[in-house]
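So this first bit is one chain, no partners, the form predicted on its own, shown in structure tokens.
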Amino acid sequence: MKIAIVGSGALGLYYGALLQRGSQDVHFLLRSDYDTLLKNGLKVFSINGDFELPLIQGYLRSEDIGPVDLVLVGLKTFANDMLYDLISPLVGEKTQILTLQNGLGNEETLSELFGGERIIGGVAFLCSNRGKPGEVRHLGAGRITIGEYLRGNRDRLETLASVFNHCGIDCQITDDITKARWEKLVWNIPFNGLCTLLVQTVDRLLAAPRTRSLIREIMIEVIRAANAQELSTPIHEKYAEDMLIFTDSMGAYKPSMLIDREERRQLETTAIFMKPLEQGQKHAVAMPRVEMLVTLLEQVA
């Protein structure tokens, strides 16, 4: 399978490396690491075992890759205005587009640009950070859940999941990608928000009883907003406790938004915070703590 990685950050490099190691034909669209990666290859430091790709196929322009079977989108959502220019040269008659971006609204944006029949939604539970140029560090998890944006072609999901699993990527299929997105937001909203505002790792917040309680309260707000969205089945409030216990195992992990703040990059506030808040308000679900996070993040974005 010929695969283009659009958004070669920690997520794109990690999954692209696993796919290449699994004998897929992977092409990375690169920016700042272009010279380093083409000269020295890519090093992956992972809890599942380190490995190195001495040679990768890296490009500065999508036009130099040409049409592919699959576009894997890992681009930060604040750059979605670039999606058409970056992806159009990669699209052929049978090209599929899988978005692993955070937050809400990405499938809809891609559908408007390239047609809903091409679009596959994906949610990645991945703890990974960039190292120095040419390196990526996988710190935990890694599961991907994929689902159709327009239902009706489960066979292609099973084919894609089979490829991913063969390459060492735990990939599951869901009939409700909207629910999967909200389940990730249950984690993303409190931890990205509070860690970014306080410039603290997740373990520091969980160690203090009052901030741990606040995190759970924010999670419950998100769960209640999610359950107003006509999901296939509701998300139970116990899921908040499951996410707290899951995060306890991460240690001193920095969410991606905290790293973006530290490196003075733009923050993904619209997709991760504002759109879920709008959906909650649309269904008359009170989300005062999430609204507080949005207000404060606007001051550091």
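Quick caveat, the model's predicted, so the values are computed rather than measured. Heads up: residue numbers just count along the shown sequence, starting at 1.
A second form of this protein, the form predicted together with a further copy of the same chain, is not displayed here; the remarks below concern that form.
When a further copy of the same chain is considered in the model of the complex, only one residue from 228, 79, 141, 198 comes within 4.5 Å through any heavy atom, namely 198.
217 is the sole member of 158, 170, 108, 217 with a non-hydrogen atom within 4.5 Å of a further copy of the same chain in the model of the complex. The stretch in contact with a further copy of the same chain in the model of the complex, judged by heavy atoms within 4.5 Å, is 201 to 209, chosen from 159 to 167, 176 to 184, 201 to 209, 94 to 102. Contact with a further copy of the same chain in the model of the complex holds for none of 18, 27 and 42, as no heavy atom of theirs lies within 4.5 Å.
Although the partner is absent here, residue 146 lies well away from a further copy of the same chain in the model of the complex, with no heavy atom inside 4.5 Å. Heavy atoms of residue 274 reach within 4.5 Å of a further copy of the same chain in the model of the complex, making it an interface residue. Within 4.5 Å of any heavy atom of a further copy of the same chain in the model of the complex lies no heavy atom of residue 10.
Although the partner is absent here, residue 194 sits close enough that one of its heavy atoms falls within 4.5 Å of a further copy of the same chain in the model of the complex. Using a 4.5 Å cut-off on any heavy atom, the residues of 281 to 301 that reach a further copy of the same chain in the model of the complex are, in sequence order, 288, 289, 291, 292, 293, 294, 295, 296, 298, 299, 300.
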